[in-house]
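Only one chain is shown below, in structure tokens, and it's the form predicted alone.
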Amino acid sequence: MDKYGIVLENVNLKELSTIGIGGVAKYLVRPYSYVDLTKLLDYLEENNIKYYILGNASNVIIDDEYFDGVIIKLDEFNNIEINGKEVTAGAGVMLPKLVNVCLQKELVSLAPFSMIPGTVGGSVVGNAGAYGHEIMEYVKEVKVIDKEHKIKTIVKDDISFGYRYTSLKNNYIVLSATFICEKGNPIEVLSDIQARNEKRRDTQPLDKPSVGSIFRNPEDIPAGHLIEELGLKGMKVGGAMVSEKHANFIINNGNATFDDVIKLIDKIKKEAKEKKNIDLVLEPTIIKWD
């Protein structure tokens, strides 16, 4: 596999996850190029080797059992090209870096996403959002690999999307995305975003290991307020705890396991259903190796 990319063995996924949970993967591969990725996928499928594409692991809860397969990370796909108002970024580019590069060119549209700790690929697939904006608002087209391992470009009109969802998920691997960004005053925009970000730091446990918001907001009440009304702030299962700062965050107190987090999620969902008749919908993806 090393001819297709950088190969690491026995990688502890706990160290890659923002919530600090995950088991050991037999291999981790960072492909050198789009073509190398297609060849790697061919090799893995021909040899019946399990694999999983992982972004920055900021919106996933990873099983802490051993993964006898290959984790693929697209970190090497990190180019950013700017042509007028069009910005093309590789799937491995972190959103805060992309925002900073755009602001240097007075392109301000992506500024609301400056604190999202995700990659371009993962953020586009999941239609990441912040401050009333979703990233798909600004997408022009996406370069992908399809299930036949062919590289193709999909325009925005051919992608269905909604709240934290796109039709790209489970159908394509995103290689890069092209955005249409408007010009503006970066100083004014940055000042506004920084003020909002400071408010987030004051109201959310951003200094603790987590995957961000655990549940989507129901129609009539923010999930955090609902969980607080249920009296679940501070509830613990093992090393996992409902944050005292914001009830829609589950934090890792240092020794949380995958099962701790899943059990705590289930407890919250059960309370919401029994006491408020609300079916809470999970926002992050749960990765279970079996």
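What you see is a predicted model; the values in this text were computed from it and never measured. Numbering starts at 1 and follows the sequence shown.
As for the form predicted together with a small molecule, it is not shown, yet the points below apply to it.
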item	value
The small molecule in the predicted bound form: contacted by all of Gly22, Phe67 and Leu264, heavy atom 4.5 Å	no
In the predicted bound form, segment of 151 to 159, 165 to 173, 101 to 109, 214 to 222 with a heavy atom within 4.5 Å of the small molecule	165 to 173
Interface membership of Tyr32, the small molecule in the predicted bound form, 4.5 Å heavy atom rule	no
The small molecule contact in the predicted bound form: Leu206, any heavy atom under 4.5 Å	yes
In the predicted bound form, Ile116 touching the small molecule (heavy atom, 4.5 Å)	yes
Gly129, heavy atom within 4.5 angstroms of the small molecule in the predicted bound form	yes
In the predicted bound form, the residue from Leu226, Ala57, Leu40, Ala240 that sits within 4.5 Å of the small molecule by heavy atoms	Ala57
Option touching the small molecule, based on a heavy atom within 4.5 Å in the predicted bound form, out of Lys140, Lys85, Arg200, Lys97	Arg200
